[in-house]
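The chain below stands alone and is given as structure tokens, in the form predicted alone.
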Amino acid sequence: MKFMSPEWMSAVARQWNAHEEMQSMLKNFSATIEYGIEDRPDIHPVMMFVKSGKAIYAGPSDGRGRDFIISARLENWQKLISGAMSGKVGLMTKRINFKGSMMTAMKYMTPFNIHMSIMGEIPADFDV
């Protein structure tokens, strides 16, 4: 599957929903999150809608309101989901661009890093 394709994001959502620790930590978290590749504007962003910790939509960004927008250059996405760069380092060094409540992001940094790890578990073709 192509990285950041709707099919790949759906696989990420299934893995997210199967992760018990994520469900427990995010039981009071609901948000719409959009993901994009900065140096590939030709690739349409994908999004995930999370309600009470469960991913209930994952696919093409459909224009609905977004609580968070996460974008990075392709090489930084690879570092992030491979674990070579933590989410916190990516945010602090601005290698990951983030729009949304930074306070919420910091509160949920552990689940964010787990989310990135889950992304790394899904095989992805980075030749996008």
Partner chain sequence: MSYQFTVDPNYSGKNLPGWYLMNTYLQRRLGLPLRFTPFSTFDEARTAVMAGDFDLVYANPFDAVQYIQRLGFQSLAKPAEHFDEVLLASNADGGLRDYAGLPAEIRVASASDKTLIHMVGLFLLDKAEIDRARLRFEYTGSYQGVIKALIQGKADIGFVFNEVYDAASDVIRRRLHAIDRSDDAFAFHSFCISPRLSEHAEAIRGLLLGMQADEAGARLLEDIGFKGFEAVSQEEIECLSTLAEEYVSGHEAIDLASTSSIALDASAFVIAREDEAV
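Bear in mind that the values here come from a model prediction, so they are computed numbers and not experimental data. Residue numbers count along the first chain shown, from 1.
The same protein also exists as the form predicted in complex with its partner chain; that form is not shown, yet it is the one meant from here on.
Visitor: Taking 4.5 angstroms as the cut-off for heavy atoms, does residue 14 touch its partner chain in the predicted complex?
Guide: Flag for residue 14 set to no.
Visitor: Is residue 100 part of the interface with its partner chain in the predicted complex - any heavy atom within 4.5 Å?
Guide: Yes, residue 100 sits close enough to its partner chain in the predicted complex that at least one of its heavy atoms falls within 4.5 Å.
Visitor: Wondering, does residue 41 line up within 4.5 Å of its partner chain in the predicted complex on heavy atoms?
Guide: Residue 41: no, not in contact with its partner chain in the predicted complex.
Visitor: Can you tell me whether residue 35 touches its partner chain? I mean in the predicted complex, with a 4.5 angstroms heavy atom cut-off.
Guide: No, residue 35 sits far enough from its partner chain in the predicted complex that none of its heavy atoms falls within 4.5 Å.
Visitor: In the predicted complex, which of the listed residues (31, 69, 81, 74) lies with a heavy atom within 4.5 Å of its partner chain?
Guide: Selected residue: 31.
Visitor: With its partner chain taken in the predicted complex, which residues across 77-109 come within 4.5 angstroms through any non-hydrogen atom?
Guide: Those in contact are 88, 91, 92, 93, 94, 100, 101, 102, 103, 104, 106, 107, 108, 109.
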